[in-house]
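Only one chain is included here, represented as structure tokens and corresponding to the form predicted on its own.
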Amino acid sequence: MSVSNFRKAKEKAFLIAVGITTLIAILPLFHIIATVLMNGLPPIVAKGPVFITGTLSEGGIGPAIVGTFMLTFLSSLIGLPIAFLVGVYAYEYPKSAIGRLTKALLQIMLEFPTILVGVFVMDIIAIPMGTYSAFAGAFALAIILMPYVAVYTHEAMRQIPFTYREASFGLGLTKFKAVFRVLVPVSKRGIMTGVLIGMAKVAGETAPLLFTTGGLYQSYPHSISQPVGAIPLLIYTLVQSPSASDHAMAWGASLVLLLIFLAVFIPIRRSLKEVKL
């Protein structure tokens, strides 16, 4: 075999190996989606609109859906501005003592057990208030969301060529304007990726909610100072029951949660145009 043919054979073998390993890596994802779809669709079809709008006693998960949106919105409202500014600070002052400490803490928070966050928030909010509440749950989720957004913001801005900063200063822009009018818009795709991942993370969290929200499934939530339910917490509660009907409802709730995630993540992700550097 000639050297040229040998190289082509090695290249083909390499591409085949990469393709196989990629398929192995993504196969569990498709298996999860297919399993949730096959098990979750029948109970939703059987109960119809009541499954989406009804309370738990009516055979529905309406309060849990509303609670999930409420918790995700409140946690984003609390955590996103702080996380974004932290990421920008870590990018602007990477060599300062606070900047290095911030990056180290962010990496730790990414792997921090979320159940401990729930215990912490229970101690500082739920116990003093004397009740579980949507605010306590949202605060716990905001703590979990922040490191994802901050790290992605920092990394997205770090990928911008230094010439963009120089050009901004050359036009007479201050550091504030250079960052927020030039660098942030250029890195918005990476920043939004972090926002979506952070929101997806908190929307599917269960452990912190065990100690903070209390769970409300027989009526719709009407105040952030009162207990609230969530789809992941409801799924956790239902799967502990020996009842087959409760397990079927848990599968249906899992499918609803999956569809909510896909309905939010995919359109926003596709709408973000990549900026060519």
Partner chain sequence: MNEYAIETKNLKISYGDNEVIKGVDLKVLKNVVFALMGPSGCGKSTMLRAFNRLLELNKDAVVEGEVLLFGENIYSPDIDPIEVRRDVGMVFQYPNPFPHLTIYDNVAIGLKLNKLAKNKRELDERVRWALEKAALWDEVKDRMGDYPSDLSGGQKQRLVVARALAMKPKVLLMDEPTANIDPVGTKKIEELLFELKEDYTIILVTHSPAQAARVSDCVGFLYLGELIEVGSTKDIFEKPKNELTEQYVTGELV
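Residue numbers count along the first chain shown, from 1. In this text, all values refer to a predicted model and were calculated from it rather than measured experimentally.
As for the form predicted together with its partner chain, it is not shown, yet the points below apply to it.
Across the options 127-135, 150-158, 183-191, 71-79, residues that bring heavy atoms within 4.5 Å of its partner chain in the model of the complex belong to 183-191.
This chain is drawn without its partner chain; in the model of the complex, the residue among Ile115, Leu173, Ile197, Met109 with a heavy atom within 4.5 Å of it is Leu173. Although the partner is absent here, Thr102 is not a contact residue: none of its heavy atoms lies within 4.5 angstroms of its partner chain in the model of the complex. In the model of the complex, Leu85 stays away from its partner chain, with no heavy atom inside 4.5 Å. Contact between Glu166 and its partner chain in the model of the complex is found at the 4.5 Å heavy atom cutoff.
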